[in-house]
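Shown here is one chain on its own, the form predicted on its own, set out as structure tokens.
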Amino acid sequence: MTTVSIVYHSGYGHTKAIAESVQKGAASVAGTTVNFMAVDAVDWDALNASHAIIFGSPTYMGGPSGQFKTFADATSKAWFTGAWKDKIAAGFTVSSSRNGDKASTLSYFQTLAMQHHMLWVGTGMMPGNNSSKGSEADLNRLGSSAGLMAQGNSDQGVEGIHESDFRTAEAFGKRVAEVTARWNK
């Protein structure tokens, strides 16, 4: 059995909706159990027992939300004891702009993972929608390699997230669970 935990903050529902698609993808891998938790309701024992942790946050003002940073600061006990060493790590973020400085949030997640001596997994996807034959319907339409990026319109709820971002999130969750299962063998 492989256990993947998704720990996220969602300010307006967009990030939670993407997290649910990541969860669906991870759960589609045989033998995978997925823990799903918001940063204000963290099950530390479940995180410490997980084989993989996927971080998620909206990108606010060029980085992760303050609520996510509070969670990250609280991981210091796990850091001090080495509880997350050699676990798989990955991350995703959502903002209302196509770019929205989402790379800064993913970089923050990568740094957090490296401080915990975790092993980072990117999307494993070629960038979509980057040629004359591409379209908004392509997987990874925002072209990220380091982690999952999604875009949700600021004047809409989750209906403002493009369908391809949900499909990309599901594929990303599946990839992380598959990599984790291989690592655990």
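What you see is a predicted model; the values in this text were computed from it and never measured. The first residue of the sequence shown is number 1, and the count goes up from there.
The next section is about a form of this same protein that is not shown, the form predicted together with a further copy of the same chain.
Would you confirm whether the three residues 70, 112 and 115 all fall within 4.5 Å of a further copy of the same chain in the predicted complex, going by non-hydrogen atoms? Yes: 70, 112 and 115 each sit within 4.5 Å of a further copy of the same chain in the predicted complex.
Can you tell me if residue 33 lies within 4.5 angstroms of a further copy of the same chain in the predicted complex, counting non-hydrogen atoms only? Taking the distances in the predicted complex, the answer for residue 33 is no, it never comes within 4.5 Å of a further copy of the same chain.
Taking a further copy of the same chain as it sits in the predicted complex, is residue 142 near enough to touch it, meaning that at least one heavy atom pair lies within 4.5 angstroms? Judged by the heavy-atom cut-off of 4.5 Å, residue 142 is in contact with a further copy of the same chain in the predicted complex.
Though only this chain appears here, would residue 54 touch a further copy of the same chain in the predicted complex if you measure heavy atom gaps against 4.5 Å? Answer no; every heavy atom of residue 54 is more than 4.5 Å from a further copy of the same chain in the predicted complex.
Going by a heavy atom distance of 4.5 Å, is residue 66 a contact of a further copy of the same chain in the predicted complex? Flag for residue 66 set to yes.
Since exactly one of 137, 126, 42, 49 fits, which has a heavy atom within 4.5 Å of a further copy of the same chain in the predicted complex? Contact with a further copy of the same chain in the predicted complex is made by 126 alone.
Stretch 41-57: residues contacting a further copy of the same chain in the predicted complex, 4.5 Å heavy atom cut-off: None of them.
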